[in-house]
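Only one chain comes next, encoded as structure tokens, the form predicted alone.
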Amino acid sequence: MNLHWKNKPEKINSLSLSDKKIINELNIYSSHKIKNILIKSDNTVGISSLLNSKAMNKINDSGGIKLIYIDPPYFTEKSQLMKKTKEEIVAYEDIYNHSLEDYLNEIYIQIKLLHSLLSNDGSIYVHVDYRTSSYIRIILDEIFGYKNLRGYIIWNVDNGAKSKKFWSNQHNDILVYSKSDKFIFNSSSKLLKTKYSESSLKTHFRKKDSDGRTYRERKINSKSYKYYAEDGKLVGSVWNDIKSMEANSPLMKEYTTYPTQKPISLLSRIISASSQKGDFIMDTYCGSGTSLATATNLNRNWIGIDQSEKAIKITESRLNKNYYRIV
């Protein structure tokens, strides 16, 4: 199934969209030992320049890009402002000439280019909201194939007061696609687990082992399996256990003034689910740099792109300058 709109791009020439200066910088990067790279550029230009540089040889020699996470603008048709500043400071524009077609053109080109960058056993996570989720899903179906949909995650952000005039939107959508039927999914990771409910603990976890650990035992095909309460259960497609940055909680120690910042716990789950230590992950709307800081914490390599001067400065403030190169 394909989505059609006015002026939808027919052919995409990544070389014509590239910037020679960025390509030259990326060619220099390819000879350095440092693997992490931060690119200050328009998203499309940065992705295209990377595709046409020697840097891709270096990345592919290390296994390629296994995970792409993007949190693009949501087509709010507003300027997104930095938070907690005395005067209005624009972080980025999310207007697109008030044209859904213009917005879709840009997103379509970028997802098409990202598909080319992604390794054959890689996955892409696209973080959106109710405004464009349905459109972007069809674009992903077209580019990645509808059979490669691997997850439709509902992140319950549960922010703010509820409207009394219509249903308030309290969640984001995270669309997950793989490039092929071979992809990474680390279901055993502790970061993919959530706590059992109190009622479930009381009802099912009534046994204790010799170490005092509470567990339940289930028989499947005549074979007995033990499930320990302390291990938690594998999270499903609705994530209620991760608080947004708006919440008054220990998350405030992570807080920056960037308007669309996401919590480390969210990116930790995504990165641990779909990559291994030493893999490359990529974020072409890196914003406040949460994905890159988290990738560093989890011993992954990363490539970040953003065109916002504010985003780049905040990202730099969260990273060790000895472990990345900026272009």
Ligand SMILES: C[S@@+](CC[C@H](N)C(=O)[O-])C[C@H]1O[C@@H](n2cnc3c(N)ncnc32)[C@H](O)[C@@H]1O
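A residue's number is simply how far along the shown sequence it sits, counting from 1. Note that the structure is predicted; figures quoted are calculated from it, not measured.
The form predicted together with the named molecule exists for this protein as well; it is not shown, and the discussion that follows is about that form.
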Option from 22-30, 279-287, 295-303, 49-57 whose residues, in the predicted complex, bring a heavy atom within 4.5 Å of the named molecule: 279-287
Just one of Y135, Y215, Y96, Y152 has a heavy atom within 4.5 Å of the named molecule in the predicted complex. Which one? Y96
Within 4.5 Å of the named molecule in the predicted complex, do we find a heavy atom from each of D71, Y258 and Q261? yes
Check whether N43 has any heavy atom within 4.5 Å of a heavy atom of the named molecule in the predicted complex, and answer yes or no. yes
Consider E142 of the chain shown here, and say whether it contacts the named molecule in the predicted complex, taking contact as heavy atoms within 4.5 Å. no
Interface membership of Y108, the named molecule in the predicted complex, 4.5 Å heavy atom rule: no
4.5 Å heavy atom contact, S18 and the named molecule in the predicted complex: no
Output the sequence-ordered list of residues from 298-325 with at least one heavy atom within 4.5 Å of the named molecule in the predicted complex. D306, Q307, S308, A311
